[in-house]
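One chain comes next, on its own, written as structure tokens: the form predicted alone.
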Amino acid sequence: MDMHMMKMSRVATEMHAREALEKAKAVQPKLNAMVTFCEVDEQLENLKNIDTNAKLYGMPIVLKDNINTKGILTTASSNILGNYIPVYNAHIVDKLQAAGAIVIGKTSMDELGMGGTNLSAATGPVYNPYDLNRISGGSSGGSAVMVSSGVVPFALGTDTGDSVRKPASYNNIIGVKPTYGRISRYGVIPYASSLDHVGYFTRSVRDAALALEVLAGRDDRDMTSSYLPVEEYTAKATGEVSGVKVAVIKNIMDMASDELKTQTNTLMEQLRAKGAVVEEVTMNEDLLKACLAVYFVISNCEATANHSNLDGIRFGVQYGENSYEDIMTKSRTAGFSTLIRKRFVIGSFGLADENQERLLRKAQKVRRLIVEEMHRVLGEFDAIVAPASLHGAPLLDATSDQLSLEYLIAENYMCMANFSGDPSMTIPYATVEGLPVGLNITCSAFNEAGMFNLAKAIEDVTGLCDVVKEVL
């Protein structure tokens, strides 16, 4: 049931929260999506002080495990944070609880957010409810499958490259990354500060709009957060798209299978029938091909700087005893997986004085060119759309040609919206070989209202609203 449909009595609310917690525990052996389960008694008691008309009153939710929760283990799915219990809440946790939400647990993620598969979590892979032999997508995979499987109607994630929107595609749900600064990141364990966004998952567009009304707003503890007022997104998400101009990225559609092209073309014709103006647009292919490399350099450099405090002394599980150097070396060796250590080596290389100009600075310059190319299109259109992926979720042991055009462009282009900070979301719309695939929508900065409105039109014609994949 959609979260806006869940206004209920206090007794029914308590029962629903407990049922969600028990369901999360019941599906855990199959999905492996949770890191920590939370007690709900105190939260339910606190509901007595909250108006029953609060927007998320009694709503059971889960949080990605890089979001600080006071007194509750927060590991970012990394062994080095296996003993980290925050002494404060992230700003968004306070806002959700003030709106009446009940946190039933913390969800698995790629270690420290670094990955797109959710295979690197310290607790092991997260499995896709549509096929338990397939990945959930990452890095917010645990949150995605909790929504997809019907355990909760809403879950928090974070999106640095496409870490909310790609799992949403693989799990047949909605994934939203608002404008950079629209939601405070205070209390969120960082990955790459210039790219990180708080994002979230729902199963309906109306719920996605409602969630942003709760989460958005200025927070003086996050100096990147915006002063712009929060709009009434739900009221504006009417699905009326007459005259709305939509650009479909031709570079990506040219690589799509006939099955996906047919479904995409059908959807675009349905939008045209509702009055939208839909055109294919070719973007600069050299810049599209550069997206992954630019992302890899910038994100790893920023992550290396951000996580230098995870040393077993200031933060983290401590190993070694002979000296500071011994403790730091042994703690970081034991605390990080091989994959993460490799990323830190790359980041350290890019940050070295002799390499910054030819690596990090160059990547930043190309980032600007990519953003200018995006804004060239958004200067003529209200939205840019393309499949979030050309395929459903890969098998757990699948490999890919990471130098192919399909991988470089079609599977990684969504990081453009992290480069620019523009709002972007993925919504269910198609199946490829029986597996769900989402459509990605990107709009100009702070035009979440327009983004949700277009998404509502798509939801209306596909009928893919509040779809749940039960795990048997």
Partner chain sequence: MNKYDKEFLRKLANQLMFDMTDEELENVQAEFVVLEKQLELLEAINTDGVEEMIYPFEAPTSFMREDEVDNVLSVEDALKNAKTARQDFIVLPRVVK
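Positions refer to the first chain, counted from 1. What you see is a predicted model, and the numbers here were worked out from it, not measured in a lab.
Beyond the structure shown, there is the form predicted together with its partner chain, which is absent from this document and is the topic of what follows.
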Checklist entry - Counting only heavy atoms and a 4.5 Å cutoff, which of 167-175, 103-111, 283-291, 125-133 contacts its partner chain in the model of the complex? => result 283-291
Next on the checklist: Contact with its partner chain in the model of the complex for Tyr84, defined as at least one heavy atom pair within 4.5 Å: yes or no?
Outcome noted: yes
Checklist entry - Contact between Lys236 and its partner chain in the model of the complex at 4.5 Å, heavy atoms? => result no
Checklist entry - Do Ala99 and its partner chain share at least one heavy atom pair within 4.5 Å in the model of the complex? => result no
Checklist entry - Hey, in the model of the complex, does Thr179 get a heavy atom within 4.5 angstroms of its partner chain? => result yes
Item to check | The single option of Val366, Val230, Leu378, Leu396 touching its partner chain in the model of the complex, heavy atom within 4.5 Å | outcome: Val366
Checklist entry - Ok, Leu260, Val297, Val241, Val198: which has a heavy atom sitting within 4.5 Å of its partner chain in the model of the complex? => result Val297
Checklist outcome for this item: When its partner chain is considered in the model of the complex, the residues of 237-254 having a heavy atom within 4.5 Å of it are none
